[in-house]
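What follows is a single chain, given as C-alpha cells, in the form predicted on its own.
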C-alpha cells in the first residue's frame, strides 16, 4: 500500500499500467498451474530480470518478500512431514518425504516468482493510476471503488485503532494471557467496526452532496506506445513458452 517504488523512471515504470496488469495476470496463471521445477525456475529467473529492469532497491524488495517467506518457512515445518510419499530420511520417528519436500519447493518458487513480478509491475505503479487502469480493462466498478476506498481509508482506520489502543493503555490495560485481555481486544475490534461503519456513512453522504453518481473520472488518458506493444509481445511470447514446456511434459 506504500508508493515508494512508483516515483522512478525505469522502463518498467513507464509502461502502460494496463499492460502491467495483463502481464501480471497471465504470468501468475501460468506459474500457479505449473508443477515442473525447470519451468518454475525459469519463471523465477524471468521475474528477477523484470525486477532488475525496474530498478527496485534491494532494501524495499527484501522488505516486501520477508512476510511472504515467513509463511513459506511455516509450510516447510509441516509439509515434508505430513505429505504422503517416499521417505527421504527420518528426523527422529518422523519421515521426511520426497513428495513433501518437492511440494514445499514448488510452493516456495511459485510464491516468490509471483511476488517478484507483482513488485516489479504493480508496486511500481501509483495506486490511483492502477485503479483507473483496472477500470479501463473492464473490471467492475464496484471492485475498483472498493480498491480505491481501501487504500484511501485503511490509514484512517489504523489511526482509529491506535487511538483506541492508547486509550486502553492510559486506563491501565496491560495485555496478558487471560480472559480479560481477550474480552478487551474483542471490545476494541467491535468498536473499530462500529466506527468504520459510521465513517463509511459520513463519507458516502459527503460524496452524494458533491454529486457522486458512481462513475470514475480521470484527468489522464491511457495510450499504447511502441515500448508497450514490444513489451507485451515479448512477455506473452515468454509466458507461452513456459506454458508449452509445462504442457508438453504433462502430456
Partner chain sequence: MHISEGVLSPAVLIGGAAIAAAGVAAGLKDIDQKEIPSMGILSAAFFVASLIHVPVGPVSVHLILNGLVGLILGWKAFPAILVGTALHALLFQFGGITTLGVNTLNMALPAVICYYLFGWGLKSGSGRSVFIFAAFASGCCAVLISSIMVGFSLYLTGEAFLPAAKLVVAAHLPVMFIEGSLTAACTLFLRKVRPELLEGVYAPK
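Positions refer to the first chain, counted from 1. Take the two forms, find the largest set of C-alpha atoms that superpose within 1.5 Å, and that set is the rigid core. None of the values given here were measured: they were computed from a predicted structure.
Here the subject shifts to the form predicted together with its partner chain, a form of this protein not shown in this document.
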| said: For a quick test of understanding: in the model of the complex, does each of 37, 86 and 101 have a heavy atom within 4.5 Å of its partner chain? | reply: no
| field | residue 93: touches its partner chain in the model of the complex, heavy atom cutoff 4.5 angstroms | value | no
| Counting only non-hydrogen atoms and a 4.5 angstroms cut-off, does residue 133 reach its partner chain in the model of the complex? | no
| request: Answer yes if any heavy atom of residue 192 is within 4.5 Å of a heavy atom of its partner chain in the model of the complex; otherwise answer no. | output: yes
| Is residue 226 close enough to its partner chain in the model of the complex to count, meaning some heavy atom within 4.5 Å? | no
| note | Within 141 to 168, the residues having any heavy atom within 4.5 Å of its partner chain in the model of the complex are 141, 142, 143, 145, 146, 147, 149, 150, 151, 153, 154, 157, 158, 161
| request: Look at residue 54 and decide if its Cα position differs by 2 Å or more between this form and the one not shown after superposing on the rigid core. | output: no
| query | Once the two forms are fit on the core, has residue 126 moved its CA by at least 2 Å between this form and the one not shown? | reply | no
| query | Can a Cα shift of no less than 2 Å be assigned to residue 149 between this form and the one not shown, given superposition on the rigid core? | reply | yes
